[in-house]
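Listed next as structure tokens is one chain, alone, in the form predicted on its own.
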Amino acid sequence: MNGDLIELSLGQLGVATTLIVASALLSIVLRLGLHGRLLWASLRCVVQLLLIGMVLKWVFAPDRAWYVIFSLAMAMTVIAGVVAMGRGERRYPGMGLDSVVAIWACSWLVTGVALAAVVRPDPWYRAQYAIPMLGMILHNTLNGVSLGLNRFCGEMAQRRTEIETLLALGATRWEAAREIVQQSIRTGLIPTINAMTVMGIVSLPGMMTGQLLSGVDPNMAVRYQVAIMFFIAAASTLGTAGVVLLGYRRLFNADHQFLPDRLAAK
């Protein structure tokens, strides 16, 4: 297999751009009202990728200090936590902190295990491995946390009467909220489970595709993809469970009283 990567010229990227323009024209013809958003999203995508490309080229330098890598990883984590919170329809005091803490704890734990015990680059925090792996784990954990939080807050608001009735009949706060907590965690894990179920049959994931395009042996690409999917599944499970449980603790007090007034519409 030829390991040479085929480089793309600006002209070739221009061909890809025409497809976005065609999609925007279709939106105009069908009066979907999406052409502006589509073109703006495309522009943002290009600018953001160009900027991160320059940043990564600098961060990936062999002599780059560990604290530079750490700072970039922390910025990525905080942004992921804020974005996860912002997608929900309801809020409660401390939701932003819960989201950041849950995503930070699970993604850094899983990434640390991946780097130190599985991939084992030298040094273990080597940016070429640490940043892309953390990015993939953060992205998927963000989705799980966002879905779990949205389901949890929605169910807690809609089922207020049921929860208060259970508490009045002598149930503990956990007994009153357990079903909602379980449903919320399941909801957060649906995308990851679905992706793992069809992987290799319906789709070839991004990491594996990138390695194949760069000439990596398919068997090695498969090994990396299996490992990263297991990392993603573990982080999504821990992150979704963590943020839902933190939210549960904020919406009940130590006397097993429900505090629905803390929930507010976005």
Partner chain sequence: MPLLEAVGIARRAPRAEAWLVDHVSLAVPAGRIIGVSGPSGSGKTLLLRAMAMLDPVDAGEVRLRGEPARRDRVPGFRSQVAYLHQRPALLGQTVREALARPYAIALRRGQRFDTNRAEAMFQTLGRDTGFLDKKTGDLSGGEAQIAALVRTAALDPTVLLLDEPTSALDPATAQAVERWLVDWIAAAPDGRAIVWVSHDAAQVERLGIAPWRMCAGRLSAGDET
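Positions refer to the first chain, counted from 1. Note that the structure is a prediction, hence the values are computed from the model and not measured.
The same protein also has a form predicted together with the partner chain, omitted here; what follows describes it.
Checked against the partner chain in the model of the complex, the residues S71, Q182, T165, Q128 give one hit for a heavy atom within 4.5 Å, which is T165. Picking from 72-80, 172-180, 131-139, 146-154 the stretch near the partner chain in the model of the complex, with a 4.5 Å limit on heavy atoms, gives 172-180.
With a 4.5 Å cutoff on heavy atoms, N194 does not count as touching the partner chain in the model of the complex; it lies far away. Contact check for S9: every heavy atom lies farther than 4.5 Å from the partner chain in the model of the complex. Within this chain, A16 is remote from the site of the partner chain in the model of the complex, having no heavy atom within 4.5 Å.
Using a 4.5 Å cutoff between non-hydrogen atoms, H256 counts as a contact of the partner chain in the model of the complex.
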